[in-house]
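As a starting point, one isolated chain is supplied in structure tokens, in the form predicted on its own.
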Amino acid sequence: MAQDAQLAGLGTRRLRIALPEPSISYEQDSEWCLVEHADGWREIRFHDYAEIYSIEGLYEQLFYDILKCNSPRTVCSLLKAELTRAGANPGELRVLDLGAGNGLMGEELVGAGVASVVGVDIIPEAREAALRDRPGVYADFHILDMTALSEQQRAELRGHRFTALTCVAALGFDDIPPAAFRGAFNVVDDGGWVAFTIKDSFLSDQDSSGFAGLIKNAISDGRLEIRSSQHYQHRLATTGEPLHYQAIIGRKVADLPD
């Protein structure tokens, strides 16, 4: 039996959301909720982002109001601290926000004084939600498969002359595979900032996703210079237990090899 978790959403919109019984534990990419909609209660898996984005206010209410997601704020704060340490001006950054979703990280960046943020996501519903919920945050928003860029798409991205990459709460679970992160990393100018979060297990020796090897090799090869990292609580699971991630801030030195 689900637990009723009705809360006020952002703005004036209210949704009724029910979570599974907290005594039942699910793998993170199998978590789900029930949402009362015009046609009745609907079961939605947390990683069915297209469906979540299509319901105005659901993403914020579910992940931020109920499950206390803290990733965009944490990463933006760490990035600002490193920019200050380096004497860099946020107002001069041109950021590629990978896995931009409906724009929460973009909003944090603009609020921190970043000059230009361009969003990239693979699902059209993300762009539609970002334009609906946060108009004016993104200078541009591309719907692209970063693992299969055409030469024209790659040239268009390079034309933005990105000086930073952000990717928050999107790596792993087949949402953004290592090849997509590599593709985004490689369209950022050398010397650019890199700020991302990743679940602890994807950096462990037991990782099978490919991320642990990608990140460790990038560091050991000198292609990614780590400036700071922080172990933090990303959000709560539906059981109420914390889910921990690593937030990593670095500088790109050179492209990552295929």
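For clarity, every value in this text was computed on a predicted model and none was experimentally measured. Quick note: we count residues from 1 along the sequence shown, nothing fancier.
The same protein has a further form, the form predicted in complex with a small molecule, not shown here; the description that follows concerns it.
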Contact with the small molecule in the predicted bound form, heavy atom within 4.5 Å, among Val118, Leu149, Ile123, Leu131 goes to Ile123
The small molecule in the predicted bound form has a heavy atom of only one listed residue within 4.5 Å, and of Ala100, Val95, Leu79, Ala184 that residue is Ala100
Practice task
Considering only heavy atoms, tell me if Pro90 and the small molecule come within 4.5 Å of each other in the predicted bound form.
Solution key: no
At 4.5 Å between heavy atoms, is Leu83 in contact with the small molecule in the predicted bound form? no
Would you classify Val110 as touching the small molecule in the predicted bound form, given a 4.5 Å non-hydrogen atom cut-off?
no
| is_contact(Glu156, the small molecule) in the predicted bound form, heavy atom dist at most 4.5 Å | no
Can we say Ile198, Phe202 and Tyr232 each have a non-hydrogen atom within 4.5 Å of the small molecule in the predicted bound form?
no
Partner contact check in the predicted bound form: of 29 to 37, 205 to 213, 49 to 57, 224 to 232, the stretch with a heavy atom within 4.5 Å of the small molecule is 49 to 57
